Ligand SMILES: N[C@@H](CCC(=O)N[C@@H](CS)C(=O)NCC(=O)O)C(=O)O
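In the form predicted on its own, a lone chain appears below as structure tokens.
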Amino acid sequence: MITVHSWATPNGHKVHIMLEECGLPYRVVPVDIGAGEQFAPDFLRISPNNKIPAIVDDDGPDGRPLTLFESGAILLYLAGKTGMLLPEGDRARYAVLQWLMFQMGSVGPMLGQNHHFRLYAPEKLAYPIQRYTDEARRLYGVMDRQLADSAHIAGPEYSIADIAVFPWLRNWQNQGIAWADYPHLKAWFDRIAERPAVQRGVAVLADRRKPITDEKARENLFGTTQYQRR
């Protein structure tokens, strides 16, 4: 059994979707990041960076429990464990890995900053809003060009690269994006959204997440609590 310590965020949904696609048995332990549960000592033992998601696989590679944090690493682990959604051939495999790194290094961090300054920052500062909105549009353009000649993000086959990118685009309205500007990406997005496993994955913990409106949640997510040494 795999235990997923998670919350209903894009990075959490990446792992939820992967588990649903692979058909692995799992249970979910909610980590309410607005309430500060990511700073609990028990969680920090498996996720020292105090970020969700993290997993504990009772049946690790050597038959012993394995703990793992970082959503990209978890996707790679689950792909290796099941032999699914990561090609075996070197050329196709590295194509998937480069787009997975693209999501981890660009799509996630830049869209995250875009969300922060457009939605959550206490002051609406024109410079960072413009900077990160422009970067979001640039990244959407990169993916749109890729999908003009490719059925999926990393090539002809559905892979962990698609799973990694998809949840980050679900809030496109909040990113200053007009889908009409990215027709190939929009067509891909709609196809992925129709997959039953994707629909099940994004439903995980969705009913538990609430809008970030209170000061305690803002402090836990954006305040000095994040920077305390533990």
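Just so it is clear, the model here is predicted, and its values are computed rather than measured. Residue numbers run from 1 along the displayed sequence.
If you look for the form predicted in complex with the ligand, you will not find it shown, but the lines that follow are about it.
The three marked residues, N11, F39 and K51, each reach the ligand in the predicted complex, with a heavy atom inside 4.5 Å. In the predicted complex, the ligand lies within 4.5 Å of some heavy atom of I33.
Remark: D57 does not count among the residues lining the ligand in the predicted complex, judged by a heavy atom distance of 4.5 Å or less. The ligand in the predicted complex comes within 4.5 Å of a heavy atom belonging to L221. Remark: M104 counts among the residues lining the ligand in the predicted complex, judged by a heavy atom distance of 4.5 Å or less.
Partner contacts here mean any heavy atom within 4.5 Å of the ligand in the predicted complex, and among 67-75, 147-155, 131-139, 88-96 they occur only in 67-75. In the predicted complex, no residue of 111-136 lies within 4.5 Å of the ligand by any heavy atom.
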